[in-house]
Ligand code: MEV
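Shown next as structure tokens: one chain only, the form predicted alone.
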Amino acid sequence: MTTAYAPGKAILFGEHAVVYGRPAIAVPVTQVRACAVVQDAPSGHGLLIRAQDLNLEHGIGTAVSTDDPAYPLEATVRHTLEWLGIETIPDLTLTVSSTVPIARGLGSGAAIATAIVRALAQHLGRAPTPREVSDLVYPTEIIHHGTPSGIDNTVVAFEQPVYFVKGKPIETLHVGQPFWLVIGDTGIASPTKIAVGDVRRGWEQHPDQYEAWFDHIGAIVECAREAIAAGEIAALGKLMDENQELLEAIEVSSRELEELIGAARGAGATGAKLCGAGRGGNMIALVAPKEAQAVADAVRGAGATNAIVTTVGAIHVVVGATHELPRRDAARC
């Protein structure tokens, strides 16, 4: 038996604009995670997927439509077997479960796919690198999201804070001083594919306006990156609020998100914004440690179905290539 896990993720800054070549910052959320367990099965059994949270059993090779919940699971398995060079379906049982809430902007699909890739590859004799895991999960992200940025599979596979620009080498993020976040769940599914598609239509109809908004979001991300690296955590709250204003402008916020954001700010959060595709899902708030519980309680009181506290800790590892952090005129931030 082989067991593997993968965390959730939260986007701190840059969602939606990251699809259009601007940077984003995301962190793993280890308080929630997906789990995949692979066990040998009798000869002739084939490969059976059991998804406990979906009350689903599916045999690889059984007819499945693209809108079936089993489809991305089978696709992940097939991509992994192909990468391993295995042409005959092995006799295995794959059991998946997850505490990452589905369709809430916390990377549920990427977490489940990452756990599957890790468990299946390790059980069959390979230990894929984070880069290999991320690349194998990306096609599943296309199934879930249509035109994904690639940030979910990246941060979940590497399990480190990342600065991400689509099509460029990944940079894990130096965190000069740990900081605390409260993540509040609206309880409403966040339709990533729909929200991303609506933003694309808006961009196609009003390209100059949307490009200006995306440029502004990209500048916020750069300022946040510098503040995080320097340990200037107090600067992040204002940047979160500014990013939220732009996300409202591109119409991916919602009344429910804004109620939770307002409650978090009222309870002492220094900044707050939606997290992920928007129109539901989660919001995040920057908090001082002593304020974390009060903010979490306020967010629940405002209607959140759940609120968790997570810490982004000090880490400084660069993956793939070394990049110097550019110095910027403080007035720009």
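Numbering starts at 1 and follows the sequence shown. These numbers were taken from a predicted model, which means no experiment stands behind them.
Beyond what is shown, the protein has a form predicted in complex with the ligand; the following relates to that form.
Of the candidate stretches 201-209, 119-127, 69-77, 146-154, only 146-154 contains residues with a heavy atom within 4.5 Å of the ligand in the predicted complex. Although the partner is absent from this view, N243 stays clear of the ligand in the predicted complex, with no non-hydrogen atom inside 4.5 angstroms. For the chain shown alone, I261 is not a contact residue for the ligand in the predicted complex, no non-hydrogen atom being within 4.5 angstroms. Although the partner is absent here, I25 sits far enough away that none of its heavy atoms falls within 4.5 Å of the ligand in the predicted complex. Heavy atoms of V133 never reach within 4.5 Å of the ligand in the predicted complex, leaving it off the interface.
Out of the listed residues A277, L47, A304, A292, A277 is the one that sits within 4.5 Å of the ligand in the predicted complex by at least one heavy atom. Shown here without the ligand, the chain has T192, V196 in 190-210 lying with a heavy atom within 4.5 Å of that partner in the predicted complex.
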